[in-house]
Each structure stands twice: as C-alpha cells, then as structure tokens.
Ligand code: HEC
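First, one chain by itself in structure tokens, the form predicted on its own.
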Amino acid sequence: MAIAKQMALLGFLALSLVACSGSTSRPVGGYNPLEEFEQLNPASIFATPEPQPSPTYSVEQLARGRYLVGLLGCGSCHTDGALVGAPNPDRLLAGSSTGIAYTSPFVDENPGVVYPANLTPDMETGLGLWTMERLVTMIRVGTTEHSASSLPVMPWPAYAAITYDDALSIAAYLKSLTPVSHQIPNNVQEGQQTDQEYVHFGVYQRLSDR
C-alpha cells in the first residue's frame, strides 16, 4: 500500500464541525448550511498502541499488523477527539464519539452519520466478539458478513487490493490490543436528527470556478 495513496486520501478530506441541537428551524431567507459550522484542523494519527503478547499470533504477524494500521492512519478516524483536532491518547483506536456525516451539508440538513468503531477487543464496546473472518472482510471490502453494502465513509477502496495475509495481520493486531471500554454513539440514518457531534467530509467547488 503506497503511502502517497493514503496521504492523498487524508488530504482530500475537508472537515467542519457542526453541533446538532435537533432543531428543524431555518434562518430567515432559507437554510444556510454554513451558519453553524466551525472550521477544524483534524489530527492525523499514525501512532499505534503496543499489542499484548499472544499465544495465537506470531510476533512477526503482530508487528506487520501494527505497521499497516499505522501506515493506513486508522487512528485518524478511530481515535476519540482526532476528528476535531484534540485526540485522546488513552483512546487510541478505541472509537470516536464524534461522527462523520456521509451526505452533503449543502443538501441535507439532517445527514446520515457514522461513528468510527472501537477497534480494541473490548467485549462490550469493541471488537471482542468479532470473528477473524468478519474483521478481514471488513478491512478488505468495507462490509461485514451480514451486509452487502460498503460501510459509509470507510476508505476501503484505498486498500481494497490488500492481500489476505496482510488483512489477517491487521485483524490479529487489533485482536491483541489491550481492551478499552468506550461506548460510541449509534449511527444516525439520513433524515434523522441527532444531538451528537459530527463532522462533514467533502470538497466543494463553485460552478463559476470551473
């Protein structure tokens, strides 16, 4: 996986925070999608926590998985606070309480929102109950065995060509992390209101600039 591809992906994302109050009121003159937005500087997180020694996975496999998770910048979305520029070092890869909207703020007043999952093997709030095959499938094609649809905003096309062995190494690494209990908010369906924080992805161009 080329570093340039991942950096290009991260560089593509323009993020703005919106604090949703659940109100459906519109300002005089119509809906202004930027009225309640604040420009942010999200943090790129390449740091990775140390895995625990494992009787199941080799040292080389865990090291490879850790390297790939850092290279792919998984912590940039899956570390709490990273999306708003204030990453919590105690929650590396433990999920984000700030969500990511996957529809345009210029179109949808109440967009669909995905909250990046807790990738540590906590049994209640993380991946502790996930099978290795389920993890590998999610990594390679952005789905689970229970879904035919790619997960919104997960940048799986950037590493869709990853080998099975590399995906297995990532899964082994995640399974070997120290569990962190961190319950993230539920995802929000498009059109529903939420009082949880989220950011918008997107790059927009004025028609006059084309």
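This structure is a prediction, so every number in the text was calculated from the model and none was measured. One rule holds for the numbers: they count along the sequence shown, beginning at 1.
Only in words, not in the display: the form predicted together with heme C (HEC), which the text now covers.
Heme C (HEC) in the predicted complex is approached by Tyr159, whose closest heavy atom lies within 4.5 angstroms of it. Taking non-hydrogen atoms only, Leu177 never approaches heme C (HEC) to within 4.5 angstroms in the predicted complex. Although the partner is absent from this view, Pro51 stays clear of heme C (HEC) in the predicted complex, with no non-hydrogen atom inside 4.5 angstroms. Interface residue remark: Gly95 is not counted as part of the site for heme C (HEC) in the predicted complex, having no heavy atom within 4.5 Å. Contact annotation: of the candidates Gly81, Gly73, Pro121, Pro105, the single residue with a non-hydrogen atom within 4.5 angstroms of heme C (HEC) in the predicted complex is Gly73. Comment: heme C (HEC) is not present in this chain, but in the predicted complex one of Leu62, Leu40, Met154, Leu168 has a heavy atom within 4.5 Å of it, namely Met154. Of the residues in 104-138, those that come within 4.5 Å of heme C (HEC) in the predicted complex through at least one heavy atom are, in sequence order, Val114, Tyr115, Pro116, Ala117, Leu119, Leu127, Trp130, Leu135, Met138.
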